[in-house]
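Here you get one chain, nothing else, as structure tokens; it is the form predicted on its own.
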């Protein structure tokens, strides 16, 4: 049992009990930090410490300029499973949506050239999208595609699954993928898209994808709200 030896811990335990009991339900907005400080008879600094502790556990989340909310259950994400976002969400009886932010033909940065094994000054298709879970934006993603593999793709409806577009229009199927998962801080367009303050913690899932013949075709950089996702990998013996 947790020892409530500090006021921060006592506030944290009180809010956790309210969430566990169902009195504070998923998606519900918490009182403002000022209101909580008056309720608990303490400073806003102490309230902030308690809220940030609960945020780190994924129990609550903050939206920039909107306040604190009770976090819904995390989405279980198995990177080894070759399903697209909408299918993964629907399997867990949740609702998914995708919105396209921009599509461009760009000169690849050196890091992308290395990632996709391209020569200097190569061009790439860049697709930026945000993905929502039960109406809340939880992920900002950048896709970088080799143009010669996907002629005309920027004219298609890119709010759909790219996996499905690859199969239907180009007869390209994912083979293996190479993953890199790190914690990082939100900034710029990522922070804005996820309604986070600058420097807020997020989870970055980078993936280089290969086709059914073993050739690199694209890469994804997924910036997740850390409270929205749980990485779960089942490594079964071959």
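Residue numbers count along the first chain shown, from 1. Note that the coordinates shown come from a computational prediction; the quantities given were computed from them, not determined experimentally.
The following text describes the form predicted together with the DNA, which does not appear among the structures shown.
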- Query: Using heavy atoms and a 4.5 Å limit, would one call residue 41 a contact residue for the DNA in the predicted bound form?
  - Reply: yes
- Item | Contact label in the predicted bound form: residue 7 to the DNA, heavy atom within 4.5 Å | yes
- Message: Contact with the DNA in the predicted bound form for residue 48, defined as at least one heavy atom pair within 4.5 Å: yes or no?
- Response: yes
- Going by a heavy atom distance of 4.5 Å, is residue 62 a contact of the DNA in the predicted bound form? yes
- What is the one choice in 32, 177, 53, 187 with a heavy atom within 4.5 Å of the DNA in the predicted bound form? 32
- Item | Contact stretch among 165 to 173, 203 to 211, 64 to 72, 179 to 187 - heavy atom within 4.5 Å of the DNA in the predicted bound form | 64 to 72
